[in-house]
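As structure tokens, one chain now follows by itself in the form predicted alone.
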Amino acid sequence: MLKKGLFKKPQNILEGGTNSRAEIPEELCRKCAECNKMLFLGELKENLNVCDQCGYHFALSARERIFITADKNTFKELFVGIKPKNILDFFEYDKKLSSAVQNSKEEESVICGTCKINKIPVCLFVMEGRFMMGSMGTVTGEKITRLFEYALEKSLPVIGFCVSGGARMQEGILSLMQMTKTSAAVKRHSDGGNLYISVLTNPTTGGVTASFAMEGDIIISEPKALICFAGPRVIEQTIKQQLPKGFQKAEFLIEKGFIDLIVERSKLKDYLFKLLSFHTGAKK
């Protein structure tokens, strides 16, 4: 007697039941925000977190940025242990700070230190976007100011990587004061004949753009980075007009003379070395 289902196609257990489409675990891949290509994390990391299809630059943590910029084992962090406080007793600010520390594994939204780039000594600050969107509080401004003062004392160039949502509203006017404070430190460093290279990454906005981010002797941006004071949506809602396509992106700003260079991440360290060597007379 024939059994029921004898001629039925057997189920392929490797296909996960009735679903014949193989699925890739989320922890192994990431979708590109620009072209929607699925990228394996290992290959993405090897490509410096840049999509190999469309060139989209994913965000880097501050430590990842330091790793690909500084010569191996040359970075020495400065001003460790300076932590933000809820000076104005702002509602739930303490909770937000605790969450930011947990998310970013950092004390504040900026890391400062010294390193070498192709053997040239420099001072380096790198902002951390995962710490309250890289917002600038009193400690952020204090650390950057101290770094410029240290660089002036040692006659060292400064390279700064900026990513920020602007001034930190939980610290009110004390946060806004950091715009003037850091700008004054940049000016003293410049008056001493020292070089400052500012590197803008996506996004660089608000009070950071209105102060030290745009005060570099040379201003570089990664491709398609948003660089602005107020974002495009805020401007459109204010003036009741539609903005041009790509407004406030790096490619738009370089046409208007607001920045000097757009450099892909893979070529950035070589560009920084060339600029530093022009200033110092060093040879590779």
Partner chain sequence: MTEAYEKVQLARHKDRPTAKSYIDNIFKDFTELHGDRRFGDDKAIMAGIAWLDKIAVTVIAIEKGSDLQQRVMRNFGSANPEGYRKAMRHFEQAQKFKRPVVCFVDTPGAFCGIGAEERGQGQAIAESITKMVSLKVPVISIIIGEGGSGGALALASGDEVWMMENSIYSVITPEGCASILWKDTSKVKEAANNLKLTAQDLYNLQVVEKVFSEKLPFEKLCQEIKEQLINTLKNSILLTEKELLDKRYEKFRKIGR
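Predicted model only: the values in this text are computed from it and were never measured. Positions refer to the first chain, counted from 1.
This protein has a second form, the form predicted together with the partner chain, left out of what is shown; the following refers to that one.
- Hey, of 172-180, 67-75, 154-162, 114-122, which bit sits against the partner chain in the predicted bound form at 4.5 Å between non-hydrogen atoms? Heavy atoms within 4.5 Å of the partner chain in the predicted bound form occur in 172-180.
- Item | Position in contact with the partner chain when the complex is considered in the predicted bound form, options 228, 51, 60, 220, heavy atoms within 4.5 Å | Checking each option against the partner chain in the predicted bound form, the one that comes within 4.5 Å is 228.
- Using a 4.5 Å heavy atom cut-off, state whether residue 130 contacts the partner chain in the predicted bound form. Judged by the heavy-atom cut-off of 4.5 Å, residue 130 is well away from the partner chain in the predicted bound form.
- Do residue 167 and the partner chain come within 4.5 Å of each other in the predicted bound form, heavy atoms counted? Yes.
- Query: Is residue 83 a contact residue for the partner chain in the predicted bound form, using a 4.5 Å heavy atom cut-off?
  - Reply: Heavy-atom contact with the partner chain at 4.5 Å: absent for residue 83.
- Answer with yes or no whether residue 44 is in contact with the partner chain in the predicted bound form, where contact means some heavy atom within 4.5 Å. No.
- Item | Contact test, all of 188, 248 and 256, partner the partner chain in the predicted bound form, heavy atom 4.5 Å | Checking in the predicted bound form: 188, 248 and 256 are all within 4.5 Å of the partner chain.
- Item | Any residue of 73-108 that, in the predicted bound form, places a heavy atom within 4.5 Å of the partner chain | The stretch touches the partner through 88, 89, 90, 91, 96.
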